[in-house]
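Just the one chain here, laid out as structure tokens, in the form predicted on its own.
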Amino acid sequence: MLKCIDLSVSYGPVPALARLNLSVAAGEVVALVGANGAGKSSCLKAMMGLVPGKGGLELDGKDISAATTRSRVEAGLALSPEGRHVFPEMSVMENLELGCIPRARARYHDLVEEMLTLFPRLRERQKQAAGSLSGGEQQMLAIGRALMSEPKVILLDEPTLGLAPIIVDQIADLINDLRERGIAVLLAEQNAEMALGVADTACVLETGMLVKTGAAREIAQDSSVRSAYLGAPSEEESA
């Protein structure tokens, strides 16, 4: 559903991402794992056309490398950005409406109902200003706004950043739900435990380079990954 070929990103003379190759199938969750500054956000922003990138990008078999951000969204690509970036003075409903692109307008009311069912807390707060919501509620709103475009692929950039463990679990449940709906999910996360627990496939980035890729369960058992991102193994695991 989504495929990038030799995707590279630089900020002036500073490389942020070097010749990344990855693909995400329909109904698959792929986790991009890495420390802060590894290139995860740059990858997602380049895929959306928000920062200049070099290399190829295909969505559902079509080349979108030269497409504008708007065209990429119309084609079925959506981003829930790091930091949520909701419009704080606008209501929950107004933020959701902004995510409903022309292609999805005919289903606007159905889509709103789907989002309010998916996120019951938003139903309770639909008339409130988005800036008055908790961090977890704003994250739900950011993801709901992205889903209002009926994407084939959703890019989730640090969706659990700064959230309480109970909300992290809810985000994991949501990602599982998106998989069941057949939506392709590319998840960029510093929370490796959560990401590797929910993903089918994992890609480990270090200073802009892909250093490991494979089944998420296998990556989670890799000693170097455990040491770097999951902490030292317990005595039981070491036995």
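For every residue, the number given is its place in the sequence shown, counted from 1. Computed from a prediction, not measured in an experiment: that's the story for all the values here.
Beyond the structure shown, there is the form predicted in complex with a small molecule, which is absent from this document and is the topic of what follows.
- Across the proposed site, 95, 100 and 145 without exception lack any heavy atom within 4.5 Å of the small molecule in the model of the complex.
- Proximity to the small molecule in the model of the complex, defined as a heavy atom within 4.5 Å, holds among 26, 50, 211, 35 only for 35.
- From the list 55 to 63, 193 to 201, 38 to 46, 179 to 187, the contact stretch for the small molecule in the model of the complex under a 4.5 Å heavy atom rule is 38 to 46.
- Although the partner is absent here, residue 16 lies within 4.5 Å of the small molecule in the model of the complex, judged by heavy atoms.
- Interface residue remark: residue 82 is counted as part of the site for the small molecule in the model of the complex, having a heavy atom within 4.5 Å.
- Using a 4.5 Å cutoff between non-hydrogen atoms, residue 158 counts as a contact of the small molecule in the model of the complex.
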